[in-house]
Each structure stands twice: as C-alpha cells, then as structure tokens.
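Take a look at this one chain, the form predicted on its own, written out in structure tokens.
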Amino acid sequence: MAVASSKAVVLGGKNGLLGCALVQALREKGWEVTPLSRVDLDYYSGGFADDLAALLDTLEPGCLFNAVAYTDVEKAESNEEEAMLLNRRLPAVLGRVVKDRPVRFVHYSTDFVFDGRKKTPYTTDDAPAPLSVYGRSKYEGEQAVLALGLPDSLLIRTAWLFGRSKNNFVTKILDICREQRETSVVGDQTGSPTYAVDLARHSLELVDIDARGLFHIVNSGQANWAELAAEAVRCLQLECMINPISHADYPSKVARPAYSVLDAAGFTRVTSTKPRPWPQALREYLLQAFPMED
C-alpha cells in the first residue's frame, strides 16, 4: 500500500534522539508532522489505544512512526516490567490500532536481539538470540508486530545511535573527557555506530519506495566502544586518553553481544543507497553540535 497522505505521527518526536531526527527529516521532505510525547499520549494508560485511535482518525496520517523505547540496558535488568511494557506491549498495541486503518506503521528495533557469536555482520536472515532483558523485550516487540500480519509494516533494526541528545554514548564520553585527562572504555565489544539523522533519512527512503518488511539501517563500517570514543575525542581535539579495557573489567550486570555489527545490504539493494561511513557521520554531527570546539 502506498502511503495514503503526506502526514505523519511520530511517537517520541518531541524529545527522543531518533524521534526528533525523524521529525526533522520528514519536515525537510515536506511532510506535515505531529510529534507526540508521553505528555500528549500516556503510553502507560489503559486507555492509550482508544486515545491513539481517536487521534489517528482525526489527523488521518499516512504513517505512524514508533520511536519510543525503553533503552536503558542496565536498568531493564531490574525493571523488566516497564521494559516489556514499552518494548513489547506498546508496539503490539500500535499495530492493532493501525491494522484496520490506511496507516503505514514504522517500528524500530535493535542489534541487541543478537547474541554476538558471529564474526561477520548480522543479516535480516540471522536468527535472534538476545542475551539481556532489553534485547529480549525488543525482540518480543518485533514478534508481536509480525504476529499481527500487517502487510504494510516496516520494521527497522539499528544500533549504537548518536546525535543531538545528552542521552547517548558520544555525548557522555565528551562530558567525561572535558573533565578528565583519561578514561577507560570497553574495547572488546564491536558494533555499528549510527547517526540518528542518517537513520531517519534512510527510513524515509524506504517509505518513499513503498518498502515493507524487515531491514537493517546503520552507518557503514564497524567499531568498538573505545574506537568510537577515541574518534569523537580526536574530532574535537580534546586532550583525553581513551584506554581500552575488557568488558570483564567494566562493572555491569548485563550480558552484551561481543559482536553485533548489522549488515545493511538489504537496504542498499532496494534503495541503491549505501550509508556513509560512521566516522564521516560522526564528524558532521560533532562539528554541527560543537562549532566552537577547537
């Protein structure tokens, strides 16, 4: 089904890292966008489905983007109920609401659905095997959406997001490195650093060509956390040494995949677009976000 209108609703579009990037990308392409937060629609409310249905019937959007998720991997281990509510139950509710409406549903998932035992990038054909509550909640959210049999849904996995938000790894590292001359960062977990702006724009490429199904969207290349931190520090010329350490030396109760690089070949195949390398995207983000740094 082609998108019925150039109107979109973005859950998490007022203050979320991905949600704000989606709102910006949509508006750049001429869409009429309604960004929503929990203040507008309470995701935890028992009446959420009815409230959303009424809103969609009033606005008549062509797309509903779900950029809401419980993303605190550490806290999810001890707060499983809330993680499952946002990552599993919410997408299922959204899917049921749009099922009988001419609305394209775009939902996002994560590299944490994999166990990291591979040595080559994960494709959409690889079987998920999450190691953590967060990973399991996101995978069960995927399954809940797929179980509804929505013919026009779009499910996008991504990883290691950075962008205009204080709540991401890059900004946290930069805050530390402005105060310290050195810091230790895990160097034996490898993934796909991804710029939220690129993810949003590539998502719209899929919508534009009426794509459906499961895709991976990440920036090209791979890095471990220490390499990502070092590149950010280098870009802003901060005098801070990044010391790679083993994940075993980092205090955490969460099992994380050692290797969770995502293969975006499926996205490239249908769009003819190859995402740019993550260092290039990181540099653009940092120079825009911190123009006075030298």
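In this text, all values refer to a predicted model and were calculated from it rather than measured experimentally. Note that residue numbering begins at 1 and tracks the sequence as displayed.
Keep in mind the form predicted in complex with a small molecule is missing from the figure; the text below concerns it.
**Q** Flag residue 82 as yes or no: does it have a non-hydrogen atom within 4.5 angstroms of any non-hydrogen atom of the small molecule in the model of the complex?
**A** Heavy-atom contact with the small molecule at 4.5 Å: present for residue 82.
**Q** Could you tell me if residue 259 has a non-hydrogen atom within 4.5 Å of the small molecule in the model of the complex?
**A** Result no; residue 259 lies far from the small molecule in the model of the complex.
**Q** Can any non-hydrogen atom of residue 68 be found within 4.5 angstroms of the small molecule in the model of the complex?
**A** Contact check for residue 68: yes, within 4.5 Å of the small molecule in the model of the complex.
**Q** So in the model of the complex, does residue 108 come within 4.5 Å of the small molecule, heavy atom to heavy atom?
**A** Yes.
**Q** Flag this candidate site as yes only if 17, 43 and 160 all have a heavy atom within 4.5 Å of the small molecule in the model of the complex; otherwise mark no.
**A** Yes: 17, 43 and 160 each sit within 4.5 Å of the small molecule in the model of the complex.
**Q** Among 86, 177, 185, 197, which has at least one heavy atom within 4.5 Å of the small molecule in the model of the complex?
**A** Only one option qualifies, and that one is 86.
**Q** Work out which of 234, 247, 38, 29 lies within 4.5 Å of the small molecule in the model of the complex, going by heavy atoms.
**A** Partner contact (heavy atom, 4.5 Å) among the options: 38.
**Q** Which is the contacting stretch out of 251-259, 49-57, 235-243, 30-38, given heavy atoms within 4.5 Å of the small molecule in the model of the complex?
**A** Contact-bearing stretch, as computed: 30-38.
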